[in-house]
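Next up: just one chain, as structure tokens, the form predicted alone.
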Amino acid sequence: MNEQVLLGLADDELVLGWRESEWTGIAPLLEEDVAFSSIAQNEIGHARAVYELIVGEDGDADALAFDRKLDEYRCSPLVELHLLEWAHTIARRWLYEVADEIRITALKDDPDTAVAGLAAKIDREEAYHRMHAEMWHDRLGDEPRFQAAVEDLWPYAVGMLPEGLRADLAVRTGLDLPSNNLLQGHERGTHTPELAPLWDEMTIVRRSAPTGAQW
């Protein structure tokens, strides 16, 4: 498996975990405070597991996660967005989970047994995340504000996946979008301006500790 694919997965999970933790204490329902906090912890845990797989037993997952320069991160623009409006947040949750399931399913068939095994473990643990996203999609799917949010975020969701998997995302979501925009997205490797302040927040403790803080 291409290391850059795994790094993209890990960076997505790390950054999304930080983003979703921002809802803790301000979600519209107490249950969502708990749900978003739990999901954020799971995403960050998955990120760590993938970083550890990349660096191997003798490597430093903390260094890979937090010592890189901003432009070295491989996260998709979708997870970088600072969303504190409920319709767009839930639209991202749903689009991300659909795209992530497609990506993880492909990794489960990887010839590297370590990659396939970790993908299978993550897939099982992501079941709750998908249920949560689908619940909110079923609840808000007919709302114009939610539909507009999904359309706004679609190019970001497409950019999560390599070109060969994007048609699957279109089928799975069943969205009625202009065909010329269906598979064109904000590509991985480019960053939104919103990542820089988040990167500063994520790495400040590591950068301020003389010997580097541990995860």
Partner chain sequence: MSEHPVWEVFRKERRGQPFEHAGSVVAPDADFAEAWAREQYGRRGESVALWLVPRDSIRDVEDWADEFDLKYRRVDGYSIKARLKEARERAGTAGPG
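Just so it is clear, the model here is predicted, and its values are computed rather than measured. Numbering follows the first chain given and starts at 1.
Omitted here: the form predicted together with the partner chain. The next part is about that form.
By the criterion of a heavy atom within 4.5 Å, D168 is excluded from the residues contacting the partner chain in the predicted bound form. Interface membership of E31, defined by any non-hydrogen atom within 4.5 Å of the partner chain in the predicted bound form, is confirmed. The shortest heavy atom separation between A35 and the partner chain in the predicted bound form is within 4.5 Å. Within this chain, M135 lines the site of the partner chain in the predicted bound form, having a heavy atom no more than 4.5 Å away.
Heavy atoms within 4.5 Å of the partner chain in the predicted bound form map, among the stretches 97-105, 110-118, 70-78, 123-131, onto 123-131 alone.
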